[in-house]
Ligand SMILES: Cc1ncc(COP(=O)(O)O)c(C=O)c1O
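A single chain comes next, written as structure tokens; it is the form predicted alone.
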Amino acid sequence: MEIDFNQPVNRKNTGSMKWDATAKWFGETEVLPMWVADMDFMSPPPVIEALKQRVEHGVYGYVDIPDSYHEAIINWMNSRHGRTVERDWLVTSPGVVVSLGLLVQCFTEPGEQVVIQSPVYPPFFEVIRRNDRIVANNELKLENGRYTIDFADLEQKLSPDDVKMMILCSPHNPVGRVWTKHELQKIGDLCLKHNVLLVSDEIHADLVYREHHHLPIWSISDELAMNTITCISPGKTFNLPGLQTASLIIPNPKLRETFQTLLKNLFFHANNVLSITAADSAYRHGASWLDQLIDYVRGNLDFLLNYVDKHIPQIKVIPPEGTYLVWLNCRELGLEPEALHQFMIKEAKVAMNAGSSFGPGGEGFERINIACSRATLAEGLKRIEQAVKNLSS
């Protein structure tokens, strides 16, 4: 079935954080929402149909995850990523961010350090600090418009005895890097060398442009698999984040048992009937929809690159290799971080994520969500163009 992603979907008055909570988050009502990472597209038709059938059944009692659900994930990992996942490795959780917080609690102690790589998804900081752990930041390097890893600094950050965990963002949000096998191998080897548990957030793994290839870091070697916990989810892939479900790939039986015990102790082992239904259908029947989505979003990216280069040269785009999020370097506008963010809200009337919220290295940037209709994207860029012209004059 051919999907028309140009067809706008009215999301107002649906409880949407992105569209209905704009005034709450940005203090303005007339801004165009291009911020939080969900898409303005309907989920795959087979998912919608599966949910309709489940809802029409009328009984929503406790649910036990069927074997078919795990089979769907295993088949997806095999067909989409060419990797074999054993059934025993899979642990279901309420969501990726919830899982990150639980993993920090489970495998580190208060006062210990956790390594992350800024600028990075803001909850990475929160799940560390809210649990009384310490952030050890290996800041990414921006070189010739592309982000790379400072491996000398990474080894320095991993080496202290009180560093117990590294949380990797792969593909990376917000800079859009799809890490190469060489980069992943070096990260994994350093974690093994310094006895640091590696947690890999791979929620954007399926949203990679065709000229790039995502490699699950656990699959590089058996040794690395035993030291890695990977978080995956259909949430970003199929636009299901509001259904709150994720799976953890934990090949190491000791780590898996420890984490499952925590889930049971906190009563997080119960499952949501609709999220299980949606995820099962998405993994089984969503591949064609996803292929079309990636091509459409790639078209949006090309449109943005051409538009900004021609009409807003003061802003430099960091071209993403994956995700539907684009990192905009606005430093040439000469505004302080908070002034820049307010400029985009009050003058451009576009709601984006402030770069400074992604930690050190994010100052002077804004993150824009291009998973929307081409018309919405064009409107947002037109507003930014006019605001920048007014600023210059």
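This is a predicted model, so every value here is computed, not measured. Just count from 1 along the sequence shown to find any residue number.
Another form, the form predicted together with this ligand, is not on view; read the next lines as being about it.
In terms of contact with this ligand in the predicted complex, the residue from 97, 317, 134, 274 that brings a heavy atom within 4.5 Å is 97. The single contact residue among 37, 351, 326, 354, judged by any heavy atom lying within 4.5 Å of this ligand in the predicted complex, is 37. With the partner left out here, this ligand still marks one of 106-114, 169-177, 256-264, 142-150 in the predicted complex; by a 4.5 Å heavy atom cut-off that stretch is 169-177.
Under a 4.5 angstroms non-hydrogen atom cutoff, this ligand in the predicted complex has residue 203 among its neighbouring residues.
By the criterion of a heavy atom within 4.5 Å, residue 121 is counted among the residues contacting this ligand in the predicted complex.
Although the partner is absent here, residue 214 is not a contact residue: none of its heavy atoms lies within 4.5 angstroms of this ligand in the predicted complex. In the predicted complex, at least one heavy atom of residue 236 sits within 4.5 Å of this ligand.
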